[in-house]
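The chain below stands alone and is given in structure tokens; this is the form predicted alone.
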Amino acid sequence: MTRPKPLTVLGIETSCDETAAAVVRVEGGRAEVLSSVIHSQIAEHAPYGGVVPEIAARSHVETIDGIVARALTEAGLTVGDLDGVAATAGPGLVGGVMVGLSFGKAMALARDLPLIAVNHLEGHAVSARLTADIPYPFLLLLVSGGHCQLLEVAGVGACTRLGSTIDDAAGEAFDKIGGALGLPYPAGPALERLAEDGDAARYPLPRALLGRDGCDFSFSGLKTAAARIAATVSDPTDRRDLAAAVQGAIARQLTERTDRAMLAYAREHDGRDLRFVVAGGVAANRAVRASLHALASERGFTFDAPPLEFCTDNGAMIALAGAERLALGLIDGLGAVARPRWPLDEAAARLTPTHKAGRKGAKA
């Protein structure tokens, strides 16, 4: 039996405020990251306390050609060595998504390469597979600034939603509460640093959805309560204690709802294939990781998370998702569209939306 030939794919990611490109080679089911280049726009958005879509899209236009060229150079390859081009096609800030997708289309057209339009969330779903052998299926907690979902990942593009946030994402709560504490943008990592020596038990914070069935999340009440307290504290000790309380409350809710999903997953799989993966920007938070790792051990699940460099948005995860799709012949034409909203489990989003559908369709 002949082994499938190696696939070398360029991945382009422009869904928010990082312009990223990477080259990944997949051989024998294992991924090798040949290069990963990221241009951060933090300095450009910091004066506004958050991402400004117009500024983000303009920055992508100005930097994407150089970032892609660097990714190829650092991989020691030329465009002629590629087997395909993968680009994020959504969800995200649609202006930025259009930049990366259009660039990917141009490369694919000019060099007669397959184009793979990748769901940004699918990229996060496979990100831990960049550096570890994690077979399908697995239970996934995808937790970032814009998304918070529990999913059963059965295979390439085969995701079933078990739970999702009904309001704000965990990463958004970190950022907004950090902003209320006067921390610099991006406030989530700054809040983690502030919390290091804090007393998490000092401030009681609301625990959302206690006793509610299912695996959904809610962070809006926590965000409001913590922001109100933040407006009343100025002493450094008080600020550290509040940051620790917020971090503990977010980690606790993520762990409590994941526990429900683990129990359901274990029943469905008769105690087999008990693999758990946490991915997304919030997966870089050490307190969150530690709490989820302890839960996985208690429930008999393996625990995996991407290295810190691949938790936040990057091109390598898009390249890997693209390579896995390309291996199955799942490619897209030049008519692929940029999508501001693109749920991984489209059937669940349509039948039981967690957010009211807008003109663009279900949000999550």
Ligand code: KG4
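A residue's number is simply how far along the shown sequence it sits, counting from 1. As the structure is a prediction and not an experimental result, all values here were calculated from the model.
Below, we refer to the form predicted in complex with the named molecule, which is not included among the displayed structures.
- Think of it this way: in the model of the complex, the named molecule has a heavy atom of just one of 214, 206, 189, 157 within 4.5 Å, and the residue is 189.
- This chain appears without its partner; in the model of the complex, the one residue of 123, 171, 100, 178 with a heavy atom within 4.5 Å of the named molecule is 171.
- At a distance threshold of 4.5 angstroms between non-hydrogen atoms, residue 144 is in contact with the named molecule in the model of the complex.
- Shown alone here, residue 324 lies farther than 4.5 Å from the named molecule in the model of the complex, counting heavy atoms only.
- Using a 4.5 angstroms threshold between heavy atoms, residue 162 stays clear of the named molecule in the model of the complex.
- A residue is said to contact a partner when one of its heavy atoms sits within 4.5 Å of a partner heavy atom; residue 284 meets this definition for the named molecule in the model of the complex.
- The stretch that touches the named molecule in the model of the complex, counting heavy atoms within 4.5 Å, is 306-314, out of 60-68, 306-314, 331-339, 28-36.
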